[in-house]
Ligand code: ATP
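Given next, in structure tokens, is a single chain: the form predicted alone.
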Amino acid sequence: MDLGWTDIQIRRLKELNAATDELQTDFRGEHGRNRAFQVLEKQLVRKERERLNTFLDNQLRPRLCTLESHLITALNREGFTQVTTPTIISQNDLSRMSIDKKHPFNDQIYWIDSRRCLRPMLAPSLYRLMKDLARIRTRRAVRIFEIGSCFRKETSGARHASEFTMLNLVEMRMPMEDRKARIEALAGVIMKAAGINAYCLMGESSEVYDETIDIVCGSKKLEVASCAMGPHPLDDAWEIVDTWVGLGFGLERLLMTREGNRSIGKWCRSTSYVDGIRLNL
């Protein structure tokens, strides 16, 4: 009977960025399989050492950071202003997002104490800014974005991480009939800056926004972004009265898609990986 790699061997080969065809090899017996694994592992370790040396000597910046730079440049060209808001937010701000103690999303939050938590999303603070900027700028357009870490007690899996990097952008004050087209246009700006050409937009349900437009990639429909538009039922709690569109992207998922990887862990903030390179070499 032909044998494939063991689960432990597959895990190790994935860590070392083995190609898909290298993961699907069959063998006549255990001895041949284990010998082949030793040879392949040695080859992959050599390649990863070379990649690491190139990164340390020449590349100098992780792809997560260069992706941030490309996105910032692209959004600045579109007239969006970058903002920075606190990583710690209040329980009251979550309540305004309809996330109370009975909400399913509440179990995913990292609470610091009974009143404060690590932000699970950027939206609450951006809502605060939207309110004040709309008041100050009266009828002028408001275009802002933020890139920063968010924290959730996610289920374990190749697509989820407890700490991840979000890009959220918001544009206010466009005609109602132009909102969806504006989402499509802004999605194109971000995906082009990220170096991703193949994607589609599809409707989806959301625990917070009820209905969203998601940006998905690949045959497995990996969600890389979620988009919403207002007026929205959540607006009343923030005293927002203008039309708006908002898009939220996961940067690590953008990297997963662009680089053709199967696991988000390679691209998250880590002491085990550096720019997608496993340090257990």
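The numbering used is simple: start at 1 and walk along the sequence shown. In this text the structure is predicted, and so the values were computed from the model without any measurement.
The next section is about a form of this same protein that is not shown, the form predicted together with adenosine-5'-triphosphate (ATP).
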| item | value |
| --- | --- |
| The unique member of 192, 159, 173, 180 whose heavy atoms fall within 4.5 Å of adenosine-5'-triphosphate (ATP) in the predicted bound form | 159 |
| Listed residue (80, 164, 127, 199) with a non-hydrogen atom within 4.5 angstroms of adenosine-5'-triphosphate (ATP) in the predicted bound form | 164 |
| Residue contact check: residue 246 to adenosine-5'-triphosphate (ATP) in the predicted bound form, 4.5 Å heavy atom | no |
| Any non-hydrogen atom of residue 67 within 4.5 angstroms of adenosine-5'-triphosphate (ATP) in the predicted bound form | no |
| 4.5 angstroms heavy atom contact with adenosine-5'-triphosphate (ATP) in the predicted bound form for residue 13 | no |
| 4.5 Å heavy atom contact, residue 255 and adenosine-5'-triphosphate (ATP) in the predicted bound form | no |
| Stretch in contact in the predicted bound form with adenosine-5'-triphosphate (ATP), which is absent here, among 237-245, 54-62, 218-226, 36-44 (heavy atoms within 4.5 Å) | 218-226 |
| 154, 250 and 264 all contacting adenosine-5'-triphosphate (ATP) in the predicted bound form, non-hydrogen atom within 4.5 Å | yes |
